[in-house]
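Okay, so here's just one chain, in structure tokens, the form predicted on its own.
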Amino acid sequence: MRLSMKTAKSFGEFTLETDFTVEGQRVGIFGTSGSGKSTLVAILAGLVAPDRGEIVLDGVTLFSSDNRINLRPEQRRIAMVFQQHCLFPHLNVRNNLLYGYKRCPAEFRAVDFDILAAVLKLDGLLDRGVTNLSGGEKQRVALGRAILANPRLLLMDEPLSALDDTLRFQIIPYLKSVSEQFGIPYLFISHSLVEMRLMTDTVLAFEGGALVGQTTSEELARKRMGQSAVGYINLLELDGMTERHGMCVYCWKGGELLLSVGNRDTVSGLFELSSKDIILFKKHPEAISARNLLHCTVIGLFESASKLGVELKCSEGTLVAEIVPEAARELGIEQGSVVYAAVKASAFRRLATNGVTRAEPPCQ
């Protein structure tokens, strides 16, 4: 997908200006509330006409004020998934899914209904009324309906914001898998850096109606670490949970991590750990209350506002810790330094669960 968008649109005192060209299959639009994300989506979809400018998607001009081109929404072949699922309550799951498919010209019908229903795990729900679905099931139906419209581009406008954390991180694999399996690129709009890192490669960051950066999701997270109340969020896939002395022991990248007993029902899953919750020591401490003490090598440093990010190699995994520059000087932290990273068992927060049965073997 290649998208060029140079437009301007004013609403009273607010003006959104876009001037970018982006390529890729997984592109993010990031910004806080009021930054212009939803206006951008509406303009791209053809729901709102810009005051001036030009939009070109894969060589097709969608809008040009100079050439008086403004393709109607149905001509653009751009599908949308909204914050709210917006399903038709009088139709069952099957007919909701087929709504866009039936309106798609036959020559563009490349997505197979049965395959999509299986990918989204909706094949057992096709005859059910949508009012009898869970929030996650409704969002999967909304996604399936958009994909079956066989779009050239999928727009997802904060599609996870109405879901709780458990459903949010259950839906993400479905969002990614349908795009990958059916070759449909997407723009993913969100104010969540964690969602950006899980869903996108390239990110366009907006503030106050203006583009302030085009970067990778990882670089954006590092740049904003020093400004964020939660710091940089390390995302860890943990598995093989066993119990030991009242603690949950997980396998992670060739080593072990101890988590609080409240995670005993999660055998494997995705967890987050803030850079603020990692304490660094130059030497092995004699005694410490934190249950995790990792022997690490510093493999990189980066500045973020008034803070310093320390990239650590711990066994086969990497973590980012956050310190002030003065602490780095006092500890003599530089690339190649060996340090000890301490993390409390209670510092980990579960985002998603991959399994519910107990694991037998310990970490290998």
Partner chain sequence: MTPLTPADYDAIRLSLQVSIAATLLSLPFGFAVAYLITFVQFRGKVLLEVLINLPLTMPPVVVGYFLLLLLGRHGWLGSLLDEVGIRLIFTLKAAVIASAVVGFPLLVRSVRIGMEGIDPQLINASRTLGARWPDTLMTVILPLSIPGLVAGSSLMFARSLGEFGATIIVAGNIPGVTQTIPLAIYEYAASPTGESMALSLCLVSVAISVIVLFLHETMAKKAARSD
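Residue numbers count along the first chain shown, from 1. Keep in mind the model is a prediction, meaning the values are calculated, not measured.
What comes next is about the form predicted in complex with its partner chain, which is not displayed.
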Going by heavy atoms within 4.5 Å, which of 25-33, 320-328, 300-308, 41-49 lines up against its partner chain in the predicted bound form? 41-49
Partner contact for S134 in the predicted bound form: its partner chain, 4.5 angstroms, heavy atom: no
Find out whether any non-hydrogen atom of F82 is located within 4.5 angstroms of its partner chain in the predicted bound form, and reply yes or no. yes
Please determine whether I279 contacts its partner chain in the predicted bound form, using a 4.5 Å cut-off between heavy atoms. no
Interface membership of P89, its partner chain in the predicted bound form, 4.5 Å heavy atom rule: yes
Identify which of D123, E180, E74, E207 has a heavy atom within 4.5 Å of its partner chain in the predicted bound form; exactly one of them does. E74
Using a 4.5 Å heavy atom cut-off, which residue among G240, G100, G226, P185 comes into contact with its partner chain in the predicted bound form? G100
Pick out the residues of 136-171 whose heavy atoms come within 4.5 Å of its partner chain in the predicted bound form. R145, A146, A149
